[in-house]
Every structure is written in C-alpha cells, then in structure tokens.
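Shown below, as structure tokens, is a lone chain in the form predicted alone; questions about how it binds or moves come after it.
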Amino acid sequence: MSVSIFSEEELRYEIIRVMKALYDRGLVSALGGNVSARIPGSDTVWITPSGVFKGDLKLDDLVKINLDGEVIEGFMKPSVEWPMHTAIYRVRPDINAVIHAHNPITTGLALAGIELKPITVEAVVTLRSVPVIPFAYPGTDELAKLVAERVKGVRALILQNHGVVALGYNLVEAEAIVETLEEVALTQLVAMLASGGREIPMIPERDRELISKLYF
C-alpha cells in the first residue's frame, strides 16, 4: 500500500475524496460515518463535521482540532466521534488516518455473532485480526476508552451495532481496509449461504504463517 505523506491541503482534499467514495459505495450514509487525518508529526487532526451531508463535503466544512477536541480552524462542529478518533491517535503514533464507516454486511455478520474468517489472501494480509468492541453510545468517552483499549496492534475494529473503524498510515491505507472488510464479509456471507451450512474452507494455517513472514 502507498505510504506517501500528503501536504495539509492535499490531506483535506483526500478526506473529501474518501468520504465521497465511501458514500458512493454505500459504506457511509448521508449523515453517518466520519473520517479524520492527522497532520504527520503533529497533535492536530482534520476531521469531518457533524450533521453535514457526507456525499458532497467542501473544504470549508472540515474542522481542524487538537487531541483534546479543541477547534483550531473551521466553522463547523467536529464529528461527535472526535473522542474516538483522538483516542486512537494518542495510543497509536504510527496511525495518521482513521475512518469510521457503516459497512452493512460486516456489521450484520457481527450482530449475528459471526467473526470474519481468513478466507482470502486479503483477509490475512490486510485485515489480520479484527476485534469486536461491545456497544457503547456513539460519541462518548466510554466508546473512546473501549476502542483505545483494543486498538493496539490492529488495523480494524468492528463496533457492535455501530459499524467499523479502519486505521492507516494514511487515508489511502485506511480506505483500502474499510473496503477490504466489506469485501471479505460479502465473500464470507455468500459462501455461508451457498454452502448450506457446511464448513467454509479457510486458508491453511501454514500458508497464513508464510504470508505473515512475507508481508508483516
């Protein structure tokens, strides 16, 4: 995956591009879902606003905050999920982008108590382990705390009854993880339905270990 560092202006354009792409794919809704990007090497973050149509954001809609949620630049109210975003940045200095999306199939499988399996190379390489976080009300310190406790060493989380969180060195990586989550979930759902309840073949453990050595 690309690991290029965007300038601050490019970062803002990337947030808008990513949010529109996710909206067009049905992974965020008109007012649901949020994206943030840390300015590399700093404690400041650009984040999407609260209560604004996500499919057609403008540069002036974005809000720049510090890790305490204080607005540094912008006129809108930052996403209510800013505590979760900043909690991730505090404990993961390697992360510069956070996406909270509402992947319907991934979320649906989690609600049914079905975990994502290592059924594709992408699931093994890109997702690795994906913890499920118990439900906590959106935008609360409780949710931020639960996420911060489980976010170390992972690339993605599933929020029970609430969607997914993807992390990346940059927005390109985080976007790819959101899309891979839904791709793997859809593939797994199709296999479950088509197999009539039979066990789904997974990538063998020995090959997962080889992939880990090659890519991690």
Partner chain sequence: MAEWYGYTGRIARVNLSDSRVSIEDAKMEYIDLVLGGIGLASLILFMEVDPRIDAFDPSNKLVFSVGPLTGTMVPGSSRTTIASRSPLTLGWGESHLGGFWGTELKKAGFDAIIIEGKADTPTYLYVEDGRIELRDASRIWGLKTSNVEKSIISELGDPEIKVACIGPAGERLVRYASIISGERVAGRTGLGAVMGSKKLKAIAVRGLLQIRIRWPDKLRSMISRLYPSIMSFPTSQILSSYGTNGEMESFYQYGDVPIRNFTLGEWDGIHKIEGQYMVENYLKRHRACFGCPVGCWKEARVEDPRYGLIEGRMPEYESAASLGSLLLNSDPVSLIYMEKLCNEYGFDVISSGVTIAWAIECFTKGLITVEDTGGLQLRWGDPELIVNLLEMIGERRGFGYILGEGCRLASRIIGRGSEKYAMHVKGLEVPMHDPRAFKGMGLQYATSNRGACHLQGLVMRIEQGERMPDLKIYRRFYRFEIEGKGWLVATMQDWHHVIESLGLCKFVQIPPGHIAGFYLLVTGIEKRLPELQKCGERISNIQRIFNIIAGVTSGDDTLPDRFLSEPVVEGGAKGEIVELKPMLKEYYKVRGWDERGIPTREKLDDLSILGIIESRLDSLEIDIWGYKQSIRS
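Residue numbers count along the first chain shown, from 1. Treat the numbers as computed from the prediction; the structure is a model and nothing was measured.
Beyond the structure shown, there is the form predicted in complex with its partner chain, which is absent from this document and is the topic of what follows.
- Of the candidate stretches 125-133, 96-104, 80-88, 109-117, only 80-88 contains residues with a heavy atom within 4.5 Å of its partner chain in the model of the complex.
- Contact check for residue 71: a non-hydrogen atom falls within 4.5 Å of its partner chain in the model of the complex.
- At the 4.5 Å threshold, heavy atoms of residue 61 reach its partner chain in the model of the complex.
- In the model of the complex, its partner chain sits within 4.5 Å of a heavy atom of residue 52.
- Its partner chain in the model of the complex is approached by residue 76, whose closest heavy atom lies within 4.5 angstroms of it.
- Applying a 4.5 Å heavy atom cutoff to its partner chain in the model of the complex picks out 137, 139, 140, 141 from 135-166, in order along the sequence.
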